[in-house]
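Following this are structure 1 and structure 2, which are two forms of one protein chain, each written alone as structure tokens.
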Structure 1
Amino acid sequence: MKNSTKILDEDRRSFIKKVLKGTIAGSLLLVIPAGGNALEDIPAQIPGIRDKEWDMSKKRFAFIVDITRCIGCGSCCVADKREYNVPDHNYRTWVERYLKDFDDNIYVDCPNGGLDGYQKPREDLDVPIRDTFFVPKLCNMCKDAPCTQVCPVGATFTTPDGFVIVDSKRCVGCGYCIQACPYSVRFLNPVTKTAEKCTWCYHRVRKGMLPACVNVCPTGARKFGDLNDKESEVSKILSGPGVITVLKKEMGTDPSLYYIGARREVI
């Protein structure tokens, strides 16, 4: 870990030197090409990324899902599928519907991952419901990620800036990471035959944009931001007194995905 920080520091220094010498031409903004579509005239959604050099060793991001604000519209699921052209029946993110009766029985469903929204109440239940809510799910971005631990070829890994991503050029498609993920956010893409998962839209974040699902959420139930920025919404929430939980704490994975309003029955 120390070693990688050192290397990162060196990378950064040489980068700055190059910039000062003018060997890297143009604006730093152009370091990452937008890929087909121009980004310049679209305002940045996360401040302090586009106009600065990306120092991987100093980045800290958090994702917060506010269950008390989720209306189960499934915009996030649709956006996610469109952003990545996710093949049918595989889900980088999904929204579950929870119902709790007066005997503490929990009924959960998630038709087509919430992609089509929730148009109908559950008709198979004939019990009075005490509590009901939606729970969006996505990658927990564990700080001690089981998927990267078990990947036999180093094809899935935690970047120095804290994102767990998949190198689809090295993945052999063994499926071990899928078994290891306690949250079942991974799947084997039937088209590319490699493991795939939510990346918190790493490519968007690097361009100063919010993850696709956060951008489309109409109620602000999904929040993403920089923890180093004291003014960001996530910083404020995480430094406040509200009850913040993570999923499957007992797995010891130390997620960076936090929940507000998650009842104890949420798994």
Structure 2
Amino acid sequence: MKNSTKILDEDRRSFIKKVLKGTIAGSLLLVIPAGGNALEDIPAQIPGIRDKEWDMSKKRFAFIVDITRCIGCGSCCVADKREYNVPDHNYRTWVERYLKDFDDNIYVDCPNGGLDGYQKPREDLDVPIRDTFFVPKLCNMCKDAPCTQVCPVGATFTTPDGFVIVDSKRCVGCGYCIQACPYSVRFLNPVTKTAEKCTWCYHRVRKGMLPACVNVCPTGARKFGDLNDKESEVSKILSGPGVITVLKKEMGTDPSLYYIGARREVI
């Protein structure tokens, strides 16, 4: 038994060395965030919680997407698909590409939800493009969520800590919540036949971990944290200078998802 344990330990050490040296192929962005430390950031935790009591009832979470930082790499989409085994052609989060020509015409596309990244220009456009930007989309986690109001069986509900969740065991797949969502972030899972959407990785957050997409973003375009913690990054951003917007404000849903650098073409 001692010899087998020793062999396992040696194998682990050998594997870690190969990963850190880059001799093992794979997308390390999905394992270690840019600038992260392998021992400290796997899994990455919400800043400010180390060595502190983690009480979800005292938290007020917010998600911020900085469009000026998004490079359309698709790492967030890949992480989400792997985390939840999302069926093909369905997306809990996706990244749209916006192109603007010199006449201010806007062209929007989102091939495969941005899962493959945007490495090639659009071949169907024959006009000069003067600006390109990317817009990640996900659940807005509305405080006044229309989806919870229309569910006939109470499968879609808001948790005491403010997360809008779907109970797949109760969901009957009627699709009312999908139609009610003004942000089109819900879909009917073709395998389970139940409604599904982004949950901001509720299962991870309850453990003090960052959402998977935030964890892998190489440019820090996705930010998540507790607004009740005045020292948190999201709290400082939302209370500081700069233009912070939400999508479809006129809908009155009071979303907890905020955007930095969102242009009029988006909001």
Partner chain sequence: MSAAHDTVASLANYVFPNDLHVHWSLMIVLYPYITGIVAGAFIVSSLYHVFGVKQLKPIARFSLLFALAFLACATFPLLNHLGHPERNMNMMLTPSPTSAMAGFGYIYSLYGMLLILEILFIYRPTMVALKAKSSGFMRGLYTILTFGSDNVGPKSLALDHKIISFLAAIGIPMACVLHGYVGFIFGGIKANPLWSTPLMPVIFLLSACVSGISGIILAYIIIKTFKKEPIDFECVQTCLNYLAGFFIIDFVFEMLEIFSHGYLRTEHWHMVDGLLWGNLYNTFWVGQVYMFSVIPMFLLGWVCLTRVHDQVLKVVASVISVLLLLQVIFMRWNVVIGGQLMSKSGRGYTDFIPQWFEKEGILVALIIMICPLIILYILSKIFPFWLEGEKTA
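Bear in mind the structure is a predicted one, so any value in this text is a computation, not a measurement. What we label the rigid core is the largest C-alpha set whose atoms superpose within 1.5 Å from one form to the other. Numbering for residues begins at 1 and runs along the sequence of structure 1.
Source of structure 1: the form predicted together with its partner chain. Once the rigid core is overlaid between structure 1 and structure 2, Tyr107 does not reach a Cα shift of 2 Å, moving by less than that.
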